[in-house]
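A single chain, nothing else alongside it, follows as structure tokens in the form predicted alone.
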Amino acid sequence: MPQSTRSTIQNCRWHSYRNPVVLAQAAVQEILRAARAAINARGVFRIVLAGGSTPRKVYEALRTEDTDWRCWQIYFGDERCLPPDHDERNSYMAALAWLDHVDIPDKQIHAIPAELGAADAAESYAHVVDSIALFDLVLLGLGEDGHTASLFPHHDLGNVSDAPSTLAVFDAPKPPPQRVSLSARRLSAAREVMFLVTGSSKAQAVADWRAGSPIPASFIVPEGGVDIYIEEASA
């Protein structure tokens, strides 16, 4: 499928850190700040989680922090179509690293039911997120090919104004081929978006991004812009 065309230019704020530990510490503090602001303003903090090793470090650090976990609502940006307790499930990783260690009520952790298969899971999860006007914070990563969530190059990114909230992916270029992803439009409907990028293997994708190439990550266009927390090696 041909690459989508951006209708809005992405406003990027780049924040560089010397190593992943310092980056994770900064990300934790920003997440907690966003949580306090949302809870004070609306009584609830709706955050979308990313998968991957960089977010895992953030999640592990979060579990020792002091916040009103009862006000947190947890969502996921994408998921692999694997059993719920599979090591490569984003929800399982987040549970082991963080969610199983804090007092967020189970009913407020909204995992994607990807074990149902891509089509059924995407339809089911759309009902979960369609009622939310804006997420408070969306966390995203960056792949070596410029993908984010499970939005891959030369695939439908769901960035048009009438795109569905969720996309069923059947031919992902990385295993497993079946996945579910929030669309670029739905990921962009957020008060804040934070990318977490570490590792020298991401350097070319970052260079393409900075140069204005239409990589999938560049199609996340919230009104307030995106904050990119990047390790110096990735830059």
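Throughout, we count residues from 1 along the sequence that is shown. Computed from a prediction, not measured in an experiment: that's the story for all the values here.
Quick note: we don't show the form predicted in complex with a small molecule, though the next part is all about it.
**Student:** Can you work out which of R210, K174, R63, R191 has a heavy atom no more than 4.5 Å from the small molecule in the model of the complex?
**Tutor:** Exactly one residue meets the criterion: K174.
**Student:** Only one of A122, C81, L157, L142 has a non-hydrogen atom within 4.5 angstroms of the small molecule in the model of the complex; which is it?
**Tutor:** None of the other options qualify; the answer is L142.
**Student:** Does R179 make contact with the small molecule in the model of the complex, using a 4.5 Å heavy atom cut-off?
**Tutor:** Looking in the model of the complex, residue contacts with the small molecule include R179, since a heavy atom lies within 4.5 Å.
**Student:** Does the 4.5 Å heavy atom contact test between S53 and the small molecule in the model of the complex come out positive?
**Tutor:** Contact check for S53: yes, within 4.5 Å of the small molecule in the model of the complex.
**Student:** How about K202 - does it come within 4.5 Å of the small molecule in the model of the complex, if we only consider non-hydrogen atoms?
**Tutor:** Taking the distances in the model of the complex, the answer for K202 is yes, it comes within 4.5 Å of the small molecule.
**Student:** Among 146-154, 67-75, 159-167, 97-105, which stretch has residues whose heavy atoms lie within 4.5 Å of the small molecule in the model of the complex?
**Tutor:** Partner-contacting stretch among the options: 146-154.
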